[in-house]
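Just one chain is shown here, as C-alpha cells, and it is the form predicted on its own.
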C-alpha cells in the first residue's frame, strides 16, 4: 500500500513538473514604436535571447505601437503589473517625479555617441536607474534611438526659421523650453498621433531621429529636414520591480545576460539605422534634406544651450554638472 501510494505521489509530482515546464513565465514587453525601428528590433532580440538562455522557461511578448496601452497609460500599467516591461523614452520619467532623467533632453549636451555612452554606461547612468526603485520600477539598461533633427514644410537654416512654428514634442518641460528658446510653439502630443497632425496642419513640424521620421512615414508630410543632431532620444528598459524580484535567481541571471546582448545590439544598430533611413528619405524625393554648415549649427547651439542653466532647478545642478564632467562639456566655451 505504501509503495503504491509513493508511486502515485511520484507520478503526480512528475505531472506537476511537466505542467510547470509547459507554462513559461510570460513577460509582456510594451512600447510605442514600430517593430522595424532600432528599439523594436532590440525588443525582438531580447525576446529571442530570453527564450534561448532560459530554454523556454520565459516567453517575452512584444507589443508595438500602443497595442496594449496608450502612450500615457503604459507607465501606470507597468507599476500596477498589468505589463512587466517597458522601454519608454527618457522624457517619460519627469512626469513620474524622477526629473533627473530630463538631463538627456537638454539640447546639444552630447556631441556624439561616445560622449553619450560615457554617461549611460557609467556611474551617472547607474545612479539614475536606481532612482526608479522608489516608484516600484527596476531599471535594466539604456537603449539608443539616435540624435534628433528638425523637420518642417519650410526650409530650416537658422534658428529664426523655427519662430512661430507649432512643433510637436514629447511631454517634457526641458523640450518645451528648448522650443521656446528658438521662438517655436511647443505642442505636446502622443507619438502615434504625429503623422495625422502633420498631415492636417495641427502641427507644423517635429523633431525626430531620422529612423522615426522614416518608419512612421512623417517624411511624406514634411517637405524639409535639417540634420541638426541637436538632441538625443533614448530609452530606459524598465521592469515592474515586484515581478522582477519575484523571479527565480537563475532566471534573473539569464534575463540579465539576454538584456546585455540586446543592449549591445540596440546601441550598435541605432546609428546604422538612422544613417540608412536618411538615405531612404533622400531617395524618396519627398523631403529636401539640408546639412547645416559648422557656423549654422553653432548658431542653433548658442540659441539653445542656455536652456541648460534654466533647467538646473528642475533637473538638479549637480546632475547636469556630473554629466558635464564625464564628457568634458563646457557651456561657457561656446
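Residue numbers count along the first chain shown, from 1. The structure displayed is predicted, hence computed values, not measured ones.
In what follows, reference is made to the form predicted together with a small molecule, a form of this protein that is not presented.
Would you mind picking the one in 89, 261, 172, 228 that has a heavy atom within 4.5 Å of the small molecule in the predicted complex?
-> In short, 89.
Identify, from the list 150, 232, 101, 235, the residue with a heavy atom within 4.5 Å of the small molecule in the predicted complex.
-> It is 235 that has a heavy atom within 4.5 Å of the partner.
Answer yes or no: in the predicted complex, does the small molecule come within 4.5 Å of a heavy atom in every one of 46, 60 and 254?
-> So, no: the whole triplet misses the small molecule.
Residue 71: touches the small molecule in the predicted complex, heavy atom cutoff 4.5 angstroms | Close contact exists here: in the predicted complex, residue 71 approaches the small molecule to within 4.5 Å, heavy atoms only.
Interface membership of residue 110, the small molecule in the predicted complex, 4.5 Å heavy atom rule | Contact check for residue 110: no, nothing within 4.5 Å of the small molecule in the predicted complex.
With a 4.5 Å heavy atom cut-off, would you call residue 269 a contact of the small molecule in the predicted complex?
-> Because no heavy atom of residue 269 falls inside 4.5 Å of the small molecule in the predicted complex, the answer is no.
Is there a non-hydrogen atom of residue 278 within 4.5 angstroms of a non-hydrogen atom of the small molecule in the predicted complex?
-> Result no; residue 278 lies far from the small molecule in the predicted complex.
With the small molecule left out here, work out from 115-123, 246-254, 207-215, 178-186 which stretch has heavy atoms within 4.5 Å of it in the predicted complex.
-> The contacting stretch is 207-215.
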